[in-house]
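Encoded as structure tokens, the following chain is the form predicted on its own, with no partner shown.
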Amino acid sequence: MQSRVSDIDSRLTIPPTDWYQSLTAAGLLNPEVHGPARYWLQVEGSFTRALQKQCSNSFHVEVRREGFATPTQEEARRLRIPHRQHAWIREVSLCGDNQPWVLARTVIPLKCLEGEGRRLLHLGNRPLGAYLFTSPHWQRGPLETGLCRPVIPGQPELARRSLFSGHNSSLLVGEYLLPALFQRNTL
């Protein structure tokens, strides 16, 4: 993935993650999903909007990298696209009060980028949810819970993701919760 790259918090990366179809299934392996993370793993509607409500001062999106690249084999399987097919991949930090709280990774297959979907290539620092939740064409599928396998300190340990379907295609949105999100006593 080349296109545009941000040096914001370059030490933070998305670790390998095992995905489960329910919070309960993930909780059998890691009881932390039932702790402070539970609220965030189950937020319905716009995740960005829920984060914005927790901010004391400001919220912003930092594009970490975006461009055409090959999704992981697991992502391609989940999206039902050929394994080596390129997709538009966008990774951002969702920052509250000038601190990264969440890393988000969106995999957008080529079919999603046709017609109105071309707008997904030009989101810049705007939240993806602002597009998805204002368009009548996109429907969110069930939330999955991810148990991350951090390889360096400070990486996410828990995540959530879902498919958004519309325009005869689907895109995959993963949100990886950073430890800083739980150091807040607002929930």
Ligand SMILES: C=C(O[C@@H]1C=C(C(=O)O)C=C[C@H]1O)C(=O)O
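Note that residue numbering follows the sequence shown and begins at 1. Only a predicted model underlies this, so the values are computations on that prediction, with no experimental measurement involved.
Just so you know, the form predicted in complex with this ligand exists too; it's not on screen, but the next bit is about it.
Gly129 is the sole member of Gly129, Pro150, Pro36, Gly67 with a non-hydrogen atom within 4.5 Å of this ligand in the predicted complex. Within 4.5 Å of any heavy atom of this ligand in the predicted complex lies no heavy atom of Leu79. In the predicted complex, this ligand sits within 4.5 Å of a heavy atom belonging to Phe133. In the predicted complex, Phe47 approaches this ligand with a heavy atom inside 4.5 Å. Although the partner is absent here, Val173 lies within 4.5 Å of this ligand in the predicted complex, judged by heavy atoms.
For this ligand in the predicted complex, the listed stretch (113-121, 81-89, 100-108, 68-76) containing residues with heavy atoms inside 4.5 Å is 100-108.
Proximity to this ligand in the predicted complex holds for none of Cys95, Leu143 and Arg161, with the criterion being a heavy atom within 4.5 Å.
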